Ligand code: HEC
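The chain below stands alone and is given as C-alpha cells, in the form predicted alone.
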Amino acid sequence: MKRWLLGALLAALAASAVAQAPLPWSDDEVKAIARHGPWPPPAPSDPSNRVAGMPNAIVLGEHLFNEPRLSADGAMSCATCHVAGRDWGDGRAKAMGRRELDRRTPSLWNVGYAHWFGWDGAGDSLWSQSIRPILDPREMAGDAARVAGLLREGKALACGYERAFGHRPNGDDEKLLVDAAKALAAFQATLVSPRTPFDAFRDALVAGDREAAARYPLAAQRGLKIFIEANCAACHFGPRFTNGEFGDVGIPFFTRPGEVDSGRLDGLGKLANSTFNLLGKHNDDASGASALRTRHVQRLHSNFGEFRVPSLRQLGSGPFMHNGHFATLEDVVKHYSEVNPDRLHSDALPLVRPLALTSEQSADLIAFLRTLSAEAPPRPTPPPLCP
C-alpha cells in the first residue's frame, strides 16, 4: 500500500475514533443516568394477589388474555386491543371497543411495576384494572356470571384454574371474576420490555468503560444531556422512565363539544366507589400495607386534567398521549418545546415549561428517546392449561 494512502487511512480511522468518543459527563450527570437502571429490575411482586408470580396462574392468565368468550358477543379478548406485535397496544389514536373510546389503548409493557392503573388511575391493582374492560359496556361488555361460567364449565379452563388456585372453581360469581383477573394480572406482570441501547450505554458509563460507552450514538448522547438539563426525569424517573403518577401537560381536555375528560379527578372518584379496590374484601394482603396508598390518596380539584405519566420505554411509532393527540414523536417533542403554560389547568402544579429547542436539539432528543426501545423477541405459544 502506498505510504500516502496508508496515512490517509490511518487519519480517517483516527478521526472516526475521535468522532465516536463518548461526550464528557460530569459526576452528577453520571449519577442522574445511573438512576435510570439497571434494567431489567427485579421481578414485580403484588401481595394483594395470592397467585402473582405463580407459573400455573401465569399460564391460565395468558389463556384468559386470549379468550374472546370473556366478552358478551364472544368477539373480543384482551389481546384484541393489546397486541403483542404492537408493543401491547393497538396503534390507534383512540381505542376501539364496541365503539370508539375517548382514550388510547395503553401499552402493557412493564405494567406489573405500576402502582396506579389506567390513564386516570381508577385502578389500584393490576387485577382490579383487569376487571374494568371485561365489565365495561363500551368494551367487552361481559359480566361476572359469564366469566364464572367459563371457569366452571370449560374443561380446559376449569383444569387450569384448579392448577393455579389449588381447588376446583367454586364460590360466587364475583369471587371467580376476581380470581380470573388475578390470573390475568399474573400473566401481564411477565411483560417486561427488552434491554435497549440506552441500557448498554448506562451500564458502560457507570462501570467507567469508555470503549463500550463510545458505541452509543453521539446524537443520542446529546439528546440525553438535553433530557437531563431540562429535568425531564422529574416525571420520567427511574428505570421505567416514569414516576407512575399524574400530570397536566397541556393536552386539550375536550373529547367532543361540551364534554371534557377530567382525567385523574374522575379516576379517583371511580377508585373510591370500586368494589374491587384494595380497601375491599378481595385484597389478599392480610397486612394491609398494599392498601395504604389507596387509603391516603386525596381527590383534589387540581387533579382535573391530569393523566398518568407514561413510560418512555418501548415508545413505538405512535400515536402518543392519553388520547392519541400527537401522531409522531416529532409532534410530541415540538409540543414540549413550544407548550403554552396558559393551557395548563390553573390549580395544577406546573410540571412543564417550554423547552425552546432548536431543530438540531429536537432531533438529538428524539435520537435519545428512540434508544429507549428495542425489538422484542417473538412470544412463544403458551403451554396448554393441562398437559
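In this text, residue numbers run from 1 along the sequence as written. Note that the structure is predicted; figures quoted are calculated from it, not measured.
Just so it is clear, the following notes concern the form predicted together with heme C (HEC), a form of the same protein that is not shown.
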Note to self: If contact means a heavy atom within 4.5 Å, which one of 272-280, 95-103, 203-211, 290-298 is the stretch that engages heme C (HEC) in the model of the complex?
What the structure shows: 95-103
Notebook entry, point to check: Taking I33, T196 and L265 as a possible spot, do all three reach heme C (HEC) in the model of the complex with a heavy atom inside 4.5 Å?
Noted result: no
Check: Given that heme C (HEC) is left out here, which of P169, G160, G247, G142 has a heavy atom within 4.5 Å of it in the model of the complex?
Finding: G247
Check: Pick from T255, S302, S77, T190: which has a non-hydrogen atom within 4.5 Å of heme C (HEC) in the model of the complex?
Finding: S77
Next item on the list: Please check if Y216 has a heavy atom lying within 4.5 Å of any heavy atom of heme C (HEC) in the model of the complex.
Entry: no
Notebook entry, point to check: Does at least one non-hydrogen atom of Y113 fall within 4.5 angstroms of heme C (HEC) in the model of the complex?
Noted result: no
Checklist line | Partner contact for A72 in the model of the complex: heme C (HEC), 4.5 angstroms, heavy atom | finding: no
Notebook entry, point to check: Is F307 one of the residues lying within 4.5 Å of heme C (HEC) in the model of the complex, judged by heavy atom distances?
Noted result: yes
Next item on the list: Any residue of 131-164 with a heavy atom within 4.5 Å of heme C (HEC) in the model of the complex counts; write them all down in order.
Entry: R132, P133, I134, E139, M140
